[in-house]
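Single chain ahead, by itself, as C-alpha cells, in the form predicted alone.
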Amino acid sequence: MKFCFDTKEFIEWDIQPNKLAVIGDDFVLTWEQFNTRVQALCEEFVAHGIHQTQRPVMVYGHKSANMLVAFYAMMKLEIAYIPLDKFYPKERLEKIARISKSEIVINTTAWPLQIDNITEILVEETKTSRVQKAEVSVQVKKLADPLVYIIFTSGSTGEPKGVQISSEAVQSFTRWMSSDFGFGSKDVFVNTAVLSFDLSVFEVMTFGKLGATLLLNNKEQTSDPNVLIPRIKKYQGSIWVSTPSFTLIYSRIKNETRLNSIHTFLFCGEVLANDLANKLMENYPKARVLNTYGPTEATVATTLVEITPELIDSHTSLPVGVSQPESRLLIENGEIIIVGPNVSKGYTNNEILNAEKFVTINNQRAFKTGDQGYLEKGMLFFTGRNDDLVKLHGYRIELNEISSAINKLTYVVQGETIALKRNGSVKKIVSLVKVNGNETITVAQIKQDISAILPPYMIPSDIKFLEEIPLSQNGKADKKLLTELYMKR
C-alpha cells in the first residue's frame, strides 16, 4: 500500500524548495531541509533494522522542528507514533510505554530518558544517535489500513487510554480540511496546543497535505502575548488554531493591525461562547471564525460551521456545525454517535472499553461519544456530558483519574475531584481530601506528590481538606454536596 504522506509529493516542494515548512521553537526547516531530514531518519531506522517494528514508536519533546520530522518519518515508514510532551512525568511515560507495548522512543530533547527495555534514539539539530538499545519486535506483514498515530488521553480508571487513528481516518480528515476549510499552500498555521494534544493534529496533518507552513510555539511563547504576537507577525501567521479559552486575551486587542495576517480563527475542544465570537468579529473584521466539534476518537473534529452575526443573534448557545461529508451523526437518547471512516479503530489494548464505546453501524465504525446534543436542520448543538469526563482549556480530563492519583497517596483516606462550571463550561477543577488524622499535610505537598503521576494540566487548581467525604444514598461520593461544601469554605 502506498501511504498518503510521501514527502516527495507535497504540492509546492519541487517548485519552492526554500519555502519554510516548519518553524520550531529551536530552528527552522525549509521544505527541502524537512524532506532531507525525514529521509535521513527513515534511513537511520533501516540501518539499525528497526524500520519493521510492529509496535508504535513514542516521540518525546516539546515544540522542536524535529518532532515534526519524527512524525513524518514514522508516517513514511508506516509506523504508528505516540506524541509525548516533555512536561509529562516519567512515571506517566513509563505507563504509556507499558500500555502501548512500545519498544522505541525518539527523543528530540537534549537529555536521555533511559526508560527500561526501550530503544532510545536521540535526534538533535545536527545529529542522530542511539543512547540505549533494546530488542525490537519485527512486523510480519503490512496492514491494509495501518495506524498513523496514537494519542493518550485521560482514563476514568486511573490509567490513560490510547486512541488509535488509522491511515483511512487521517486521509478522510485531511481531504475534508483541504477542501472545505478554505486553506491553501500559502497559509501559515499558528500552533498553540502541545503536540500530545489532539487539537494540534489540525495543523500537523494539514500543513503537510497542503504544502503550507507550520509555526510551532512553545509554552513560554504561548504564555505571553507580548512574545507570541510579534512571532505571529514575523512569520505572517494566517490560521489561528486553539481552544476558545486560549483566545480570550487576544480577543480584547482592538488594534487589528497587530494580527492583520490572521484570516481564520479555528476553534475546537471547548464551547465557543457567543460573546467571545462576537468580540473576535468586532476586533478582527477581516477574519473568519470557524467552530468545530469532535472527540479524539473521531480524528480531531467531525463538524464545521462559520460563525456569523446572524448565528450569534439567533442562538444563545452557538452550534458546532454540520458533519464532514464522509461522516454522519446520530442522536440516540440524547447521546451523540459518530459514524464514518474518521472514527478510531479503538483504544490500545483495552477490549472491555472498546466493546462499550465502539460499535458497527451499516458496516462502518461508530463511536458512542458520551456527549449530549441535538440536531436542528442538520446542525449539531452540544449540550454537555453524561459522565465525569470534562474539558478544561481543551484538555479531556477524567475526574476519576485525578481522584485515583490522590487516593494512591499513603496519607490520604479518601479524595474526590469535582469540576466547577459557569454557563455550562468548566472553569476550575478542585479536589476535596480527607487525610489520616495524625498527618500534617499541605496542599502544596499533595500537588507535588501527584505531579509525579499526572501531567500539569490535570493538577487540580485547588484542594480543600474535609473531615469526612459525604456519600449519597447509593454509597458514592455526593458530588453535589461536595460542590456546596467547597463553595462555602
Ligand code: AMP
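Everything numeric here is computed off the predicted structure, so don't read it as measured data. Start at 1 and count along the sequence shown; that's the residue number.
FYI, the form predicted in complex with this ligand isn't displayed, but the following is about it.
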Of 340-348, 284-292, 327-335, 356-364, which is the one stretch near this ligand in the model of the complex, taking non-hydrogen atoms within 4.5 angstroms as near? 284-292
Looking in the model of the complex, is this ligand within 4.5 Å of a heavy atom from each of Asp198, Gly269 and Asp371? yes
If we define contact as a non-hydrogen atom of the residue within 4.5 angstroms of the partner, is Thr296 a contact of this ligand in the model of the complex? yes
Just to confirm, Arg385 within 4.5 Å of this ligand in the model of the complex by heavy atoms? yes
Close approach of Val320 to this ligand in the model of the complex, 4.5 Å, heavy atom: yes
Interface membership of Lys219, this ligand in the model of the complex, 4.5 Å heavy atom rule: no
Select from the listed residues Lys86, Lys209, Lys95, Arg396 the one whose heavy atoms reach within 4.5 Å of this ligand in the model of the complex. Arg396
Though this ligand is not shown, can you say which of Lys391, Lys279, Lys233, Lys76 has a heavy atom within 4.5 Å of it in the model of the complex? Lys391
